[in-house]
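Before any questions on binding or motion, here is one chain by itself as structure tokens, the form predicted alone.
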Amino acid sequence: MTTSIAAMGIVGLAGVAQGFDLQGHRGARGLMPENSLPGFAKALSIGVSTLELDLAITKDNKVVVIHNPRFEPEIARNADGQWLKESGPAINSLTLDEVRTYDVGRLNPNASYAKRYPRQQAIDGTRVPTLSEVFELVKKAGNETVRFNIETKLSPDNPDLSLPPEEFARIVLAVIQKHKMQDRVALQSFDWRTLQEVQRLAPEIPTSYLTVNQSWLNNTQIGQPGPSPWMSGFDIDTYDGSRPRAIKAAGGRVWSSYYQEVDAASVAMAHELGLLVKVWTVNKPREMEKLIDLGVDGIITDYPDVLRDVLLRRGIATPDPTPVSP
């Protein structure tokens, strides 16, 4: 069995000893509305080491927590309480007040997406929160240790749906700095351009490089000629197809891989390069067990309660719960 950097108690990237990273994906997507204050409150109440969340920026430059660049019929109802019949307006075309008119507190029962999360509790009237509100919720909980894994949602394939990488990074970093959370955040993205900007503007903040090579997204284009537009000029072929080596060269501190695309050799290589390995999105106990045995340093899950139980059974330390109401 491979031992993770975290499990060995090695001093982590932020200069403090880090344990296994239990990350609540979009808060606790399997249990509460995703990327919502109730969802983040649920994750804190269960006990997580990191809240994972996604960002967009509104027309009036407010940083909001939402996964897709548009409102989607799977999760959104309009001001009249009606499910959207097709993808709605882009978040960056709306002001914050306009974003707040949408209800994201329930999964559309007619969508296949809802069937994936039968345990998710509906909370009608839930609105898209700002990043500032998530920070304030954590302060309200009195939790002084939970970290934030913040994903910037940009795509080189759809540049009109977001600000340019430099401007996006600058606005997000301003919110982080305003709340004095620099020591508790990491920025992650599939779009490595944003991470390069974060490293330039705030080199003290760790960057986590997301990778996936599936039919629905292939951001490193392994086996395809030429550099991927997602990789900010880095060409995976230069590194013999090694994602850890490419991430190290790019200045990343964390390799965040789709969980089915790591093995013992790649995890060991990442650790040899000084990278942490954190995988997404893992919801079944058996898969969690296998990945822990491979030596990963953290798991991002829709069910932080399930991962917590797995860690406790294995004698791995877990964070203290900090119950809070949204």
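Predicted model, so just to flag it, every value in this text is computed and none were measured. When you see a residue number, it is the position in the sequence shown, counting from 1.
Same protein, other form: the form predicted in complex with a small molecule, not shown, and the subject of what follows.
- Though the small molecule is absent from this view, in the predicted complex it lies within 4.5 Å of a heavy atom of just one residue from 71, 168, 190, 148, which is 190.
- None of 246, 91, 154, 210 but one reaches within 4.5 angstroms of the small molecule in the predicted complex through a heavy atom, and that residue is 210.
- Using a 4.5 angstroms threshold between heavy atoms, residue 270 stays clear of the small molecule in the predicted complex.
- Among residues of the shown chain, residue 54 is one whose heavy atoms approach the small molecule to within 4.5 Å in the predicted complex.
- Looking at residue 42, you'd find every heavy atom of it more than 4.5 angstroms from the small molecule in the predicted complex.
- Though the partner is left out of this view, residue 280 does reach within 4.5 Å of the small molecule in the predicted complex, counting heavy atoms only.
- Residues of just one listed stretch (23 to 31, 282 to 290, 56 to 64, 262 to 270) have heavy atoms within 4.5 Å of the small molecule in the predicted complex: 23 to 31.
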